[in-house]
Ligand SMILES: Nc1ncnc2c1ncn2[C@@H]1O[C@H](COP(=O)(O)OP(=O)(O)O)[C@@H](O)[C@H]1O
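What follows is one chain in structure tokens, specifically the form predicted on its own.
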Amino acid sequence: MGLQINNDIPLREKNIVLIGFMGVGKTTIGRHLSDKLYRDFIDIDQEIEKLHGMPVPKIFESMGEQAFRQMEKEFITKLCRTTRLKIISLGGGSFLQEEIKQVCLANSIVFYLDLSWDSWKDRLQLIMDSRPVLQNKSLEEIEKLFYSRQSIYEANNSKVSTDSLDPEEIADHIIDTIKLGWELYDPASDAF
């Protein structure tokens, strides 16, 4: 069975979903997009933390990764099926789940924030403690994980190379891409 696109949602009302490896800047860029497009911003990891009253590393520790991934799947699939006009930042491992990937691509506009290994490696010390899947891994193991996930992120509507851009420039690039899509596929209105 192929991907079922939800054509009932007008292009201009679709959620914008940000995917990419952990620490690539999805939350920061998502907040910029939220401000510029006057849309609510939802960081999936932060929402799950609020629901369970503990940070993601604690959830992994006390409930296990499988329980976290199930919570993540339920939250994202419901959000993508029932909301519009949101900016949504997914955790780096979310797209590993086929159901999440399919529901995002069917109901939202998915942007892959791509950062090179060399640029990402410079951020490692800043994010290490807050990312449970990086715990107790060597740099070589982390690099292998980084590259193994690249093919998963290739299922997207648009890819943005972020190496030489700051978060605001990336947000502006995404907005320009969205506006172009609107002009090409939904020329009826110029409103956001």
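In case it trips you up, residue 1 is the first one in the sequence shown, and so on. Here the structure is a predicted model, which means the values were calculated and not measured.
Keep in mind the form predicted together with this ligand is missing from the figure; the text below concerns it.
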Only one of Asp166, Glu47, Asp35, Glu61 has a non-hydrogen atom within 4.5 angstroms of this ligand in the model of the complex; which is it? Asp166
Just to confirm, Arg39 within 4.5 Å of this ligand in the model of the complex by heavy atoms? no
In the model of the complex, does Leu126 have a heavy atom within 4.5 Å of this ligand? yes
Does Val24 reach this ligand in the model of the complex, with heavy atoms at most 4.5 Å apart? yes
Just to confirm, Gln150 within 4.5 Å of this ligand in the model of the complex by heavy atoms? no
